[in-house]
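Below you'll find only one chain, the form predicted on its own, shown as structure tokens.
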């Protein structure tokens, strides 16, 4: 497949609050301390709209805001959103409402339960009417989103914003879906080899066999395994350190996505 370039990165996770802090940690310049996240308050949304969102939506938007900076409030980017499970907090609230005598399902909860709700709010915040795709592929969600975003970038010859996110799942839904830590990342991908803001170049290919790339730091490895969106961490670590590597990410059953990364 033709190469794609990472122009900007946003991230929001415990101990990785923004790309500036994450670079220090992932490059080995500072220790990883998995502190709790600060309050999620993405300013790209107006207060009235933000009040109607959920923690999952705020997490995704916060990573976009970190990655795009002031550009997040007005852009017309093609977007690809990918999440293993979607908004399980909202699903839990709807299920509990349906189990009550009156069944008082909130209309806001209902429309936030749709898998592309974060993409919708992002489009509203930016005033964008560009195409958007929302995916889900369990542990392979990040790899699926990365491949989809790269293909769309080449098809449209335009930058594509990839947003991967998952939020902790409440009990009892957490029994089959044990996600306990929030994680979101936003990567702006481009096919423009002459852009000045490139961080790294990626070459992608599918493989039937592969050993899943891991994090050397034990706590970061726990985060990587805990949250499907955090399967992106090996890529982010290589970019942060300015090094070169060949990584293997989980994709669909029986397949891996091989990612060759080089600094620009």
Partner chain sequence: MPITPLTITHFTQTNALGKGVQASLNALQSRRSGLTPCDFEDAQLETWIGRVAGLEESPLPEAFAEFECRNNRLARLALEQDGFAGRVAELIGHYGAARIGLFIGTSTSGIRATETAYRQRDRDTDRLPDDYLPSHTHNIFSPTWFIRRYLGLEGPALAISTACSSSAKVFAAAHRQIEAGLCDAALVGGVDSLCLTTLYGFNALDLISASPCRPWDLHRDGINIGEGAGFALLEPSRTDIPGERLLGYGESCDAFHMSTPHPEGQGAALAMRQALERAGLGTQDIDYVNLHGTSTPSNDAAEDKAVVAMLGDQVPCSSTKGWTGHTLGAAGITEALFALLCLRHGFIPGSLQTREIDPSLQARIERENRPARLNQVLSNSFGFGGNNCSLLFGRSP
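What you see is a predicted model, and the numbers here were worked out from it, not measured in a lab. Numbering follows the first chain given and starts at 1.
Beyond the structure shown, there is the form predicted in complex with the partner chain, which is absent from this document and is the topic of what follows.
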Report task. Please run the contact check for residue 168 against the partner chain in the model of the complex: heavy atoms, 4.5 angstroms, yes or no? Result -> no
Query raised in the report: Heavy atoms within 4.5 Å of the partner chain in the model of the complex: does residue 161 have any?
Result: no
Query - the partner chain contact in the model of the complex: residue 180, any heavy atom under 4.5 Å - result: no
Requested in this report: Spell out, yes or no, whether the shortest heavy atom distance between residue 138 and the partner chain in the model of the complex is within 4.5 Å.
Outcome: yes
Report task. Check each of 29, 216, 70, 208 and return the one that places a heavy atom within 4.5 angstroms of the partner chain in the model of the complex. Result -> 208
Requested in this report: Specify the contacting stretch among 237 to 245, 250 to 258, 6 to 14, 20 to 28, defined as having any heavy atom within 4.5 Å of the partner chain in the model of the complex.
Outcome: 250 to 258
Query raised in the report: Honest question, do 41, 51 and 76 all end up within 4.5 Å of the partner chain in the model of the complex by heavy atom distance?
Result: no
Report summary line: Within 80 to 94, the residues having any heavy atom within 4.5 Å of the partner chain in the model of the complex are 84, 85, 88, 91, 92, 94
